[in-house]
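We begin with a single chain expressed as structure tokens, specifically the form predicted alone.
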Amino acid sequence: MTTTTDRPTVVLPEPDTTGTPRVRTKKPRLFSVGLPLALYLLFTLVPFYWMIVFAFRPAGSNSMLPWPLTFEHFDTVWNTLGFSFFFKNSLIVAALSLVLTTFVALATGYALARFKFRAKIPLVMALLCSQFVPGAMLLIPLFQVFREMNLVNNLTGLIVADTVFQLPLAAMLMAGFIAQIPVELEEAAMVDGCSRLRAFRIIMLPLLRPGLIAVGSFAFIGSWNNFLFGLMFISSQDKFTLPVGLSYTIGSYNVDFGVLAAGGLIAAVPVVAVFAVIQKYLVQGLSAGAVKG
């Protein structure tokens, strides 16, 4: 008796001899991509649109468009409410905080990335843990220190407070940027006769430009938007920054939305301009720091 094995028959698809190209069926991406993006844009842009409408339409108008166009609210906030002084104060505080934060973060990040020392791990842990401390918890100790140093109601105290609050994150970011640059480049320069400082200046600084721009922009924007320290440490109206000045446009019983929107636009313009100019360096720097940071 012989047994036969039934093998499964493989049916091959017949070749397409008509010459008609295959048409791939597109996956429905309307609900997976388009709808979330539309909701995100709606949630993000609608407040900006209404801020523009309130800022440019006349007082008492119910128009849904910023028309007829008027600049009376900008004239009020800039010349009457003192936003010209608030803008100058914010610019001084943010610019000096940017310089101090970037310089100290550069030195700290270089030490963390290039040297081995006993307190390195505790220092890194302290920098990381400081990010979990809200700014409100620092108000009382900082106020006591600043009062002893006569820095209350002084823009210098505000610059120091902003720098101290932003320095841990800036130092960690800078350490990541420096760590990704091969140390052999510095060593080759020192073999050729350069000192460590000269090698750092001619080799490291040009390569660190995206990181410096990223850290500096974060320091500038963080200081520009800081409301809490300005409210607590500044009491004279001529030393207010823009966030504090904006809060004083809200009255106890009524709110002039046109004036408030115009002040908000004035405060938003520098931040938008900074992002528009440096966004290429910002993305490049953050992605580079995230790889080996």
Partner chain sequence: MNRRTLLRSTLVGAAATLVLASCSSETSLPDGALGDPNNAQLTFWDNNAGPDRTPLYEELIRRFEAANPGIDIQYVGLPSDSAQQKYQTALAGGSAPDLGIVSTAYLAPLVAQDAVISLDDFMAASPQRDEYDAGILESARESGGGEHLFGLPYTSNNATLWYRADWFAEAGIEPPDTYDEFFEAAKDLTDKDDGRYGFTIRGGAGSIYPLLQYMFASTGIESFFEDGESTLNRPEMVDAIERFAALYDVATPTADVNNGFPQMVASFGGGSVAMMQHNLGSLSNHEKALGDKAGAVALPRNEDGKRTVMTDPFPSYTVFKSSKHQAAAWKFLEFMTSQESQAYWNERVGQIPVNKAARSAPEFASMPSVQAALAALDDPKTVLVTPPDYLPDFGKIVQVQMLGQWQKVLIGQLSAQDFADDFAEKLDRSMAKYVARQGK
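Residue numbers count along the first chain shown, from 1. Because the structure is predicted, anything quoted here is derived from the model rather than measured.
Note that the form predicted together with its partner chain isn't included here; everything after this is about it.
Review point. Would F103 sit within 4.5 Å of its partner chain in the predicted complex, counting heavy atoms only?
Key: No - in the predicted complex, heavy atoms of F103 and its partner chain never come within 4.5 Å of each other.
Check your understanding: According to a 4.5 angstroms non-hydrogen atom cut-off, is G34 in contact with its partner chain in the predicted complex?
Key -> No, G34 stays farther than 4.5 Å from its partner chain in the predicted complex.
Review point. For A261, is any heavy atom within 4.5 Å of its partner chain in the predicted complex, or not?
Key: Output for A261 is no: heavy atoms all beyond 4.5 Å of its partner chain.
Check your understanding: Heavy atoms within 4.5 Å of its partner chain in the predicted complex: does T249 have any?
Key -> Because a heavy atom of T249 falls inside 4.5 Å of its partner chain in the predicted complex, the answer is yes.
Check your understanding: in the predicted complex, which of the listed residues (A179, L212, L81, V160) lies with a heavy atom within 4.5 Å of its partner chain?
Key -> After the contact test, the surviving option is L81.
Check your understanding: Heavy atom within 4.5 Å of its partner chain in the predicted complex: which of N150, Q144, S195, Q131?
Key -> The residue in contact is Q144.
Review point. Among 218 to 226, 165 to 173, 104 to 112, 132 to 140, which stretch has residues with heavy atoms no more than 4.5 Å from its partner chain in the predicted complex?
Key: Residues of 132 to 140 come within 4.5 Å of the partner.
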